Ligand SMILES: Cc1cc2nc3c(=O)[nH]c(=O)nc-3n(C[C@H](O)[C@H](O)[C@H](O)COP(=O)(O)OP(=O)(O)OC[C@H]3O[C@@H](n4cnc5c(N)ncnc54)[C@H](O)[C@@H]3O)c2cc1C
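Okay, here we've got a single chain as structure tokens, the form predicted alone, with questions on binding and movement later.
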């Protein structure tokens, strides 16, 4: 089975579906291969931090109105460090933005995208087994409806978070393990969040509390695996007490916590040496530390840029080396900058050397009174610039 005139997308998560929906709007033929059941992720409560730029992309796709009803706006970002002076606040109104970002569940975003996509172009429960780039096209071998199938295309897009990337010729992954895990959950606080997101740097690692509901926060608490494993083993009351000790009194007491989960943290980027007809986007292309919430939003900009390039390129040239080289050059500043930015934050704010905490505090204090620096930070987080 061949489909050389179709854009093939391996992976029907939010980045893959956003790409597909944009192609649908532009009347560019596509096919999505998704391993999961249709609607399987609609009840996924994991929190996604959407930048203002991502909100604009979702508006263009016509799905923001549905997402907005279940999203919580971030109007202020409060940055501080535990055990040291200094803080910085970023306010949306200072940058003429209605919000700095939004928090929404993975499931709510997937429902909105699923409702807008033409499902005749999506093959659910299609499990990719092998991807082979060739000089004239790229092909994928996959299982569907109990049988083996093959599709080829002049442009294949991998958007499945890296699950299909094993042993693909021409793809080289560079990975840096932080040796830390991230604990994620949702907590209910005594005081309303007032649409403030908190980024707090502690000696053990960064922690973030993102407003998600009236009095609720989505929590990301990072640290060495042994520390995170111990936090997972605590009863709820003891866990909430330790969270309060680490975070402080800004939102009063923490009253309850939902199910706690963890995952290892790493920095990962994919370099394409010479692979025509194949492009990798989203977490499949780059995986970042969750500090500053950059990863998902970089992936959405990958998808948006790729569609813009397809519109500007003759279909005869889709997937050739010239087009893909231009795409990589256009995305290099954003993706590389995001990787370096998040890595820098982690390294600087977890450095235990004597005197570094004082310098960090001084830097945070100075940033509070330097609007141009704040503007650069907000533009990076919002638009990748």
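Numbering follows the first chain given and starts at 1. None of the values given here were measured: they were computed from a predicted structure.
The next section is about a form of this same protein that is not shown, the form predicted together with this ligand.
In the predicted bound form, residue 72 stays away from this ligand, with no heavy atom inside 4.5 Å.
Residue contact with this ligand in the predicted bound form: residue 42 places no heavy atom within 4.5 Å of it. For residue 15, a non-hydrogen atom is located within 4.5 Å of this ligand in the predicted bound form, even though that partner is not displayed. Within 4.5 Å of some heavy atom of this ligand in the predicted bound form lies at least one heavy atom of residue 296. For the three marked residues, 33, 127 and 184, a heavy atom of each sits within 4.5 Å of this ligand in the predicted bound form. Checking 160, 216, 137, 199 for any heavy atom within 4.5 Å of this ligand in the predicted bound form turns up a single hit: 160. Comment: this ligand is not present in this chain, but in the predicted bound form one of 211, 101, 282, 206 has a heavy atom within 4.5 Å of it, namely 282.
Listed stretches are 42 to 50, 23 to 31, 61 to 69, 321 to 329; the contact stretch with this ligand in the predicted bound form is 42 to 50, by a heavy atom cutoff of 4.5 Å. With contact defined as any non-hydrogen atom lying within 4.5 angstroms of this ligand in the predicted bound form, 263 is the only contacting residue in 245 to 266.
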